[in-house]
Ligand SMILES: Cc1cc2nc3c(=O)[nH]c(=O)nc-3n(C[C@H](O)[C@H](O)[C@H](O)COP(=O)(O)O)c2cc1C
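Here you get one chain, nothing else, as structure tokens; it is the form predicted on its own.
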């Protein structure tokens, strides 16, 4: 007797960024098979933006950062995921990804997705010399540093990695990726 085939899932990682945080949180409701990796910093941001993980659909599995070795990342080696998303991604996360540092849940997701050749979408926060972003208290102006912008450019060169700069680009990349996954599973 054959065991039922489990559909592959999308692994979404939240970091400590507030840039389009609520919009990303809302977008998760549209993903059919989703595991949400919540870093310690993201858990703080969830509270700051008055969101509740319990508001996500029951089909979303929430994986919180509770181990020093990012133990849940082992699931990447068992074919569970078709796509990894890091959205929104802090400049710290982007820099660590660029330099191969995998010492957080988010950077471990990126590293293991790469090692397993799983396509990854990164919604980088710091992508222009001057930006408006929503903070918990309202809109603020930010001025990313040159190194932040350079790291985003470096990340674009990584294999199987799509870097997006806007919420619309994130939505388009997700639609394209899910269409690809659906076409290959039919």
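What you are looking at is a predicted structure, and each value in this text was computed from that prediction instead of being measured. Numbering follows the first chain given and starts at 1.
Just so you know, the form predicted together with the named molecule exists too; it's not on screen, but the next bit is about it.
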item	value
Distance check, residue 48 to the named molecule in the model of the complex, heavy atom within 4.5 Å	yes
Residue 83, heavy atom within 4.5 angstroms of the named molecule in the model of the complex	no
Any non-hydrogen atom of residue 92 within 4.5 angstroms of the named molecule in the model of the complex	yes
Close approach of residue 104 to the named molecule in the model of the complex, 4.5 Å, heavy atom	yes
Among 121-129, 153-161, 54-62, 25-33, the region lying within 4.5 Å of the named molecule in the model of the complex by heavy atom distance	121-129
Stretch 16-36: residues contacting the named molecule in the model of the complex, 4.5 Å heavy atom cut-off	16, 17, 18, 19
